[in-house]
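One chain comes next, on its own, written as structure tokens: the form predicted on its own.
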């Protein structure tokens, strides 16, 4: 299964930290890419490239101009588009069905998500039916659908590897 994220309406002044954290969580929880719209922000793209260089992996952050067209094309190419919203069907009701999908695009907003996204996606899915963070929604979705893969996934190509420890920060240089 290949899962990507679409962050709608990134605003440089307001959303830099949250959008960066969405990318970091998506990467750590085994998503493949994060696309984003709104303000173009090369600093986010560079930050994730640096994380990949240090800790491995090939997660990409890619800017797109027209997210509605992007979602439509994703679906035309056989992918499944899922809008994570507190108004959707609970994830627990859809887990088995979603685990059978080959390519998933998870859509999260920054400001109020325009109605068109509720209509053009395959699923509107909720993590809970209460207000919460898009970062939490991505993490819970990926953990549940990928059944904890993030705990065993190996990221190749990095300069460092973290060694689990109950007391210390253990980091070894591997290249």
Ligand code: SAM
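All figures in this text were calculated on a predicted structure; none of them were measured in a lab. Positions refer to the first chain, counted from 1.
The same protein also exists as the form predicted together with S-adenosylmethionine (SAM); that form is not shown, yet it is the one meant from here on.
Partner proximity in the predicted complex, defined as non-hydrogen atoms within 4.5 angstroms of S-adenosylmethionine (SAM), places exactly one of 63-71, 105-113, 35-43, 48-56 at the interface: 105-113. Every residue of the trio 125, 128 and 131 has some heavy atom no more than 4.5 Å from S-adenosylmethionine (SAM) in the predicted complex. Under a 4.5 angstroms non-hydrogen atom cutoff, S-adenosylmethionine (SAM) in the predicted complex has residue 86 among its neighbouring residues.
When contacts are judged by a 4.5 Å heavy atom cut-off, residue 121 does not count as touching S-adenosylmethionine (SAM) in the predicted complex. In the predicted complex, S-adenosylmethionine (SAM) stays beyond 4.5 Å of every heavy atom belonging to residue 30.
The shortest heavy atom separation between residue 142 and S-adenosylmethionine (SAM) in the predicted complex exceeds 4.5 Å.
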